[in-house]
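There is one chain below, alone, in structure tokens, taken in the form predicted on its own.
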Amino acid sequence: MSRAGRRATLLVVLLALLAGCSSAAAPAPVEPVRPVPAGTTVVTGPPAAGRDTSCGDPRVSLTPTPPPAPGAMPPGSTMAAIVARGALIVGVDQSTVPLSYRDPRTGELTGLDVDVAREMARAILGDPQRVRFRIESSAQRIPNLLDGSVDLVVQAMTITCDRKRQVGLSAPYYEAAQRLVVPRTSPVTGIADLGGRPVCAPLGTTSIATLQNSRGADGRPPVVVGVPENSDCLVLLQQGQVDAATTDDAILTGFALEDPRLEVRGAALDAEPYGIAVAPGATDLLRFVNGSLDRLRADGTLARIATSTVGSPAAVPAVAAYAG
């Protein structure tokens, strides 16, 4: 063996020994198989922890109180303050078909989340139009609740234990699932085909963590491209700058409706039950919201809203679970 050959062999042995002595060493960065889009956030670092189950079933919410008549809220309650103000303030998106978006013909907000928010205004104030919508990104949902900018967030907010430690969350009003959307001409059939490839997801969502913990058939995770809005993922996909996008299937269905060249594919990556969020101290409002949702389930209103907006009445939970 030549001197150069011996040096190469020694280097390989040393590297193997070092790897064995440091099992906690950081994994090598994923080398993307193609460039990531300029101006986007590539989510790096160690994968986020898997879905937190420390609170048990996160779908379990506070036991509801029978909702009083609209406008006749208990004195001193959070709902009475809303009545005194004259309007319910709700955080929503404005660009996510079919959940919350502006109708191109009228410019008015419409969609599943918007209609559910209006039903909350009807329950508190007696008028579904007495609601002020605050437009926010996914990442702004919790901060806006914590600083009092909004009374409720009705914005495709997945119920998780981590979020329940920060804000109050209702029982689910819709059961979505995280999936993928790709161009119809793409060979991608699921997450196994996306190792090392750029995949878009909105920042501040559970989709990011799920994507980080996924692996392609080659053992590599996708390259996670984070963007502020769901609609940003649609644009990147249309421009061919990412190989796929992932978020809730209700949102991805909207992508395919807006652009028939796209198709939702693959098995569900995770469950995404949507809840209405309230400020952490507003337990009276949370119990009121749960009572209102129970009524909307029982009289078929939630199913009618889901049918007219998303087309999936079966995704409306038939019953809710409560404790406390």
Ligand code: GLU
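For every residue, the number given is its place in the sequence shown, counted from 1. As the structure is a computational prediction, the values presented were derived from the model and not from experiment.
A second form of this protein, the form predicted together with the named molecule, is not displayed here; the remarks below concern that form.
J.: With the cut-off set at 4.5 Å between non-hydrogen atoms, does Arg118 touch the named molecule in the model of the complex?
T.: Arg118: no contact with the named molecule in the model of the complex.
J.: Answer yes if any heavy atom of Arg163 is within 4.5 Å of a heavy atom of the named molecule in the model of the complex; otherwise answer no.
T.: Although the named molecule is absent here, Arg163 would touch it in the model of the complex, with heavy atoms inside 4.5 Å.
J.: Can you work out whether Thr247 and the named molecule are in contact in the model of the complex, taking contact to mean some heavy atom pair no more than 4.5 Å apart?
T.: Although the named molecule is absent here, Thr247 would touch it in the model of the complex, with heavy atoms inside 4.5 Å.
J.: For Pro222, is any heavy atom within 4.5 Å of the named molecule in the model of the complex, or not?
T.: No.
J.: Have a look at 102-110, 149-157, 124-132, 82-90 and name the one stretch with heavy atoms inside 4.5 Å of the named molecule in the model of the complex.
T.: It is 149-157 that comes within 4.5 Å of the partner.
J.: Going through 182-210 from first to last, which residues have a non-hydrogen atom within 4.5 Å of the named molecule in the model of the complex?
T.: Sequence-ordered list: Pro202, Gly204, Thr205, Thr206, Ser207.
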